[in-house]
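What follows is one chain in structure tokens, specifically the form predicted alone.
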Amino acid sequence: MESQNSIVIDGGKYSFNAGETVLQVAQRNGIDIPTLCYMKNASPTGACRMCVVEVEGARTLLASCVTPATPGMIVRTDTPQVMKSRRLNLELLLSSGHHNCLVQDLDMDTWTDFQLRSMSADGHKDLCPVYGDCRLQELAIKYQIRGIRFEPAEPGHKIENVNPFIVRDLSRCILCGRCVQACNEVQVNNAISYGYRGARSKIVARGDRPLKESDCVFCGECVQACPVGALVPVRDIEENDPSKGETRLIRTTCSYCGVGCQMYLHVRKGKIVKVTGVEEVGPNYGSLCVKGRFGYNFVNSPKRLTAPLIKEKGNFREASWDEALDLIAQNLNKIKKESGPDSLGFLLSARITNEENYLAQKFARAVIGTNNVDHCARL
């Protein structure tokens, strides 16, 4: 039975489950096959052709993301033919639009000038805002793409920056389709799809309108799925300055509702500059809503309260947490003693976690002794 449900990849024998593709078997066993269009938990398309492999008996190279594993199949992932095909695909993709991340033909002096100029770039025309975090760039470096044999296509689309959240630069789009799958299969918003044909093909919202005039809810799922610089948060453009230093990731729980979505805060010098979802962890597996992904400006607002306030004679003054909590405890005890526990009521919040709401109602019932607890389950 084992031999009937196994395939050979690069000389190693691996079992597979019914319905698994060659790519899934390889990934599960730590075998690296590069991908650009493949997206976990979405329908494989085989669009980018980066994951091609050589299968014994097949007439051509096959895209491993759409090729089912079959008993006795012999697969090779790194033959000269496979490597040649991947390099050709990369060269074609790099010539398909405005991909200036490698700047292959510049000498060191010019490259230094280029970097310095990019720090004050107007609308990221000089340096892509995802430089250093681009899957296409990563693969081009890995496969040692030194130069472009094909004349780069002139950008055929204007940059769309008329909404406050996402910049769409379709001149950098490689038509991998990950954003369409993220929108239609993961979030099921159905706001974008493929439009036009041939050389005019592009990703469009309904009626080829700007995102702000479409059905887009700005959850940003497409941004997180995009492997290049075609979809970038507006604030990433604003923060694209290497001189500002490195960012560090801090994992936390979104507090906009009680779902408990896991997110990474990208923090630079004590300031949140970006938020992304944690992809391999539930309950959200990378997905975030518009508030979770883009609603963090208030954290750094100069109007934000940073200390408790106590009102005395009509005016507020700052106090320590110990002083404020002592005052609250004294007043609660006084009201409870004079009027009974049911004279107190507790309104909880949908903007804190389920665990925090549980503790608050436990405090009301077990400490104060009242069941007057309500919760606004609306945002």
Partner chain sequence: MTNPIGDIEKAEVILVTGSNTTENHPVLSSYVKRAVTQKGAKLIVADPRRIPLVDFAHIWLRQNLGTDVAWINGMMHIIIKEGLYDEAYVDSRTVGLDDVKKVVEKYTPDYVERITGIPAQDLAAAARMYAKAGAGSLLYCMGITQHICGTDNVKSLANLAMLCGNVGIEGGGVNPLRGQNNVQGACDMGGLPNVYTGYQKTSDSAVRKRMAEAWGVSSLPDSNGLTVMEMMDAAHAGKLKGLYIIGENPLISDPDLKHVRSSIQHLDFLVVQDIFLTETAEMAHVVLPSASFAEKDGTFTNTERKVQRVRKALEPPGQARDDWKIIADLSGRLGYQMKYQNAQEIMNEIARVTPSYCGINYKRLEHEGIFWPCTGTDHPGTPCLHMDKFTCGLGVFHGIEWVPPAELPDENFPLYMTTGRVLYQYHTGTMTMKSEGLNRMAPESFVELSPGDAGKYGLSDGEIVKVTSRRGTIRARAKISRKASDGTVFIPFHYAEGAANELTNTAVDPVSKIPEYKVCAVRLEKLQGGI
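Numbering follows the first chain given and starts at 1. In this text, all values refer to a predicted model and were calculated from it rather than measured experimentally.
Not on display, but discussed next: the form predicted in complex with its partner chain.
**Prompt:** Hey, of 192-200, 156-164, 80-88, 129-137, which bit sits against its partner chain in the predicted bound form at 4.5 Å between non-hydrogen atoms?
**Reply:** Careful reading of the contacts points to 156-164.
**Prompt:** Hey, in the predicted bound form, is Asn297 touching its partner chain, heavy atoms inside 4.5 Å?
**Reply:** Flag for Asn297 set to yes.
**Item:** its partner chain contact in the predicted bound form: Tyr256, any heavy atom under 4.5 Å
**Value:** Tyr256: yes, in contact with its partner chain in the predicted bound form.
**Non-hydrogen atom contact Leu325 with its partner chain in the predicted bound form at 4.5 angstroms** = Leu325: contacts its partner chain in the predicted bound form.
**Message:** Is Ile74 part of the interface with its partner chain in the predicted bound form - any heavy atom within 4.5 Å?
**Reply:** Contact check for Ile74: no, nothing within 4.5 Å of its partner chain in the predicted bound form.
**Request:** Check each of Lys337, Lys40, Lys311, Arg28 and return the one that places a heavy atom within 4.5 angstroms of its partner chain in the predicted bound form.
**Result:** Selected residue: Lys311.
**Prompt:** Thinking of Val188, Val217 and Asn284 as one candidate spot, does its partner chain come within 4.5 Å of a heavy atom in every one of them in the predicted bound form?
**Reply:** Looking in the predicted bound form, the three residues Val188, Val217 and Asn284 all sit within 4.5 Å of its partner chain (heavy atoms).
**Request:** Could you list the residues in 355-376 that come within 4.5 Å of its partner chain in the predicted bound form, counting only heavy atoms and keeping sequence order?
**Result:** Going through 355-376 in order - heavy atoms within 4.5 Å of its partner chain in the predicted bound form - the hits are Glu355, Glu356, Asn357, Tyr358, Leu359, Ala360, Gln361, Lys362, Phe363, Arg365, Ala366, Val367, Ile368, Gly369, Thr370, Asn371, Asn372, Val373, Asp374, His375, Cys376.
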